[in-house]
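Only one chain is given next, in structure tokens, and it is the form predicted on its own.
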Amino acid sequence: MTKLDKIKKEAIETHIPIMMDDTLDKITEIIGSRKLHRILEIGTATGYSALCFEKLLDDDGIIDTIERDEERIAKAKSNFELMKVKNINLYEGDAAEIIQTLDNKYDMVFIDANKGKYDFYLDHALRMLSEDGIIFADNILYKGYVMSGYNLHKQRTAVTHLRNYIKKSTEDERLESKIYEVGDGLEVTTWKK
């Protein structure tokens, strides 16, 4: 078992939500042989997905990742240390605040954080997306609630914002978006060519 497999296994055993294998496979397939220079990840958790994305980078590529949960930050830091990575910047704090302070150009943005803020993250992701960049929104179908008539109070805010995200990304004439039924739903958005 590799170190990365151990990180994945521990996250699953401790019920930390991580990117599913078929989601990673789809992202890797879409990126193809292209090497990315800069990736933004919104929602680090224990660092598993950032570590998976590292193989998509060019030689001097960088991943900026944001997490607010202190226990997950500590675990991500220890996982990055374990894997001896030097090209992952971990921003500690609320993604909704931090994202407003960033102004890099990103080849890829991976959104996997507070579902109630997805449409807000989209606006900032587009502001920083390179000309041939790709935005991946993970868990976009949210247990099937998003495309159903679901309207129960408990998840209503998350579902409403995810629906807004889909509406924004599919109705914006500058964008091309597609939803894949992998994991809990993955939306892929690019600038129209």
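Don't overthink the numbering: it's just position in the shown sequence, from 1. These numbers come from a predicted model, not from an experiment.
Heads up, the form predicted in complex with S-adenosyl-L-homocysteine isn't pictured, but that's what we're talking about next.
Residue contact with S-adenosyl-L-homocysteine in the model of the complex: Ile63 places no heavy atom within 4.5 Å of it. Using a 4.5 angstroms limit between non-hydrogen atoms, Ile88 is distant from S-adenosyl-L-homocysteine in the model of the complex. Contact annotation: Ala95 falls within 4.5 Å of S-adenosyl-L-homocysteine in the model of the complex, judged by heavy atom distances. S-adenosyl-L-homocysteine is not drawn, but in the model of the complex it has a heavy atom within 4.5 Å of Asp69. This chain is displayed without S-adenosyl-L-homocysteine, yet in the model of the complex the stretch 42-50 from 162-170, 122-130, 24-32, 42-50 comes within 4.5 Å of it by heavy atoms. Residues Asp112, Ala113, Asn114, Tyr121 of 112-126 are found to place at least one heavy atom within 4.5 Å of S-adenosyl-L-homocysteine in the model of the complex.
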